[in-house]
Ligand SMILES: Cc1cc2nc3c(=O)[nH]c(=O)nc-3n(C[C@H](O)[C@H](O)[C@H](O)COP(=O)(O)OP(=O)(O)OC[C@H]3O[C@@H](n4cnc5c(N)ncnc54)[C@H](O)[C@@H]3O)c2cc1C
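Only one chain is given next, in structure tokens, and it is the form predicted on its own.
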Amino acid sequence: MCPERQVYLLDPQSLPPETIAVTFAKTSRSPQSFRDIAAELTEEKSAAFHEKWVVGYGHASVAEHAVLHIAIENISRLAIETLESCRLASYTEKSTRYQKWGPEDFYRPTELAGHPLEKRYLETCRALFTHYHQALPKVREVIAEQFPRCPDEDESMWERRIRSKYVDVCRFYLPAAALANVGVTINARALEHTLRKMLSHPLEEVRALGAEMKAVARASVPTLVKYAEAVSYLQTLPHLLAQEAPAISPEIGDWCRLIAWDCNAEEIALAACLFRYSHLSFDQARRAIQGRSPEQITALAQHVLGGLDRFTPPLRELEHVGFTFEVMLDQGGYLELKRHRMMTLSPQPLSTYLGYAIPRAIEAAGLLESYEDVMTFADQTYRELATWNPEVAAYVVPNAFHRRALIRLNFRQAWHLIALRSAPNAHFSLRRLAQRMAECIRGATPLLGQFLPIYPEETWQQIETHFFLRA
């Protein structure tokens, strides 16, 4: 008689994460049910299994079954960048779009304790937070005039509707030292990788956070993160590469450039789709595409992409073609861009060297002169600190300053980013970028690009003109 199908949870409230990981691992060689395997395990037996197979023999995939939920409070946005650099984890953090910061909600670097520049650092952060708080009610007035209260709205409903719009503008003042909370869901294998990066980081805050996370995690997965330590390669390589770069002033060119894309991307993508749903070799599938008329190729592309809505991703076969961009956008926008962790993102160090953006609502609120004054003050402080320690100096850089990065993403990832970030509720910095990236992809691959789910009611030029005095 055919065994009956069983589907059930292994309860993490009843079983430790390491025991769940061993239970799943043993099924590859044991005919027992998962319940029976788990019933025979103790925490000691689970630890011994991981010491032998995960640590000793390198079967690290077993550690992916041990999942932790880690709550982290009051760390700087700068430290969050390293924490959130792991692709295979989930993060939710305090939003600069929906929450407001208190006047002292910023990190004091241990490296600056007793240093001659400590006073200047504190003055700069407090000045930025003071301007932030002064701007909130004034920018709110501007937004309230642009989006008046509807007849059917009470005061609280109206406030919820306009809140993100005026807070979106004021977040340009916030420095990288601003404190935030982050909820992290991560498996033990990814956590060990993250801890090694954090323990190797040049900032004391990040190293200390890594050590605390390791201590907390060991209460649940005592074996799987026990050997996470600093890595000398990660400690020395950044300095070696920085020394290899010529000591010249950075060029500031076009803020978004498609610098490389796959040759014959459309042919490759469509051939991959035929390959998936046939028994052809890839060469046969590619020749089949090459033998079709332009009208037939367009019809095939319509089959592949034309039936999608904004919430249904394209076939995975669209991942076989990709694009590389060089982009420059304000740091606040970059912090949202980095949430697209599956693409390859290579940011330059946070600095003030590329200038800063000015939201148009700042001028409309009568704050332009004071805004430029405090940005100049932050720039001067950064440069003074950077001569001593450029990593610590980054704490004072406000969200308004530009950050440059390389992006490598495939068509499927581009589809998701553009669908999400061109939507009307997205921040205007990301809407501008999503529209520009879509324009570049359409120019390079018009057959595929025509199907990108771009919001059609605005262009990146219109966003730039409407929301930025200087982008």
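Start at 1 with the first residue shown and count on from there. Computed from a predicted structure; not experimentally measured.
This next part talks about the form predicted in complex with the ligand, which is not shown.
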property	result
Non-hydrogen atom within 4.5 angstroms of the ligand in the predicted bound form for each of S90, S95 and Y98	yes
M342: touches the ligand in the predicted bound form, heavy atom cutoff 4.5 angstroms	yes
Non-hydrogen atom contact H416 with the ligand in the predicted bound form at 4.5 angstroms	yes
Heavy atom of N425 within 4.5 Å of the ligand in the predicted bound form	yes
4.5 Å heavy atom contact, H402 and the ligand in the predicted bound form	no
Position in contact with the ligand when the complex is considered in the predicted bound form, options L420, A38, C440, V67, heavy atoms within 4.5 Å	L420
Location of the ligand contact in the predicted bound form, chosen stretch of 256 to 264, 292 to 300, 140 to 148, 334 to 342 [non-hydrogen atom, 4.5 Å]	334 to 342
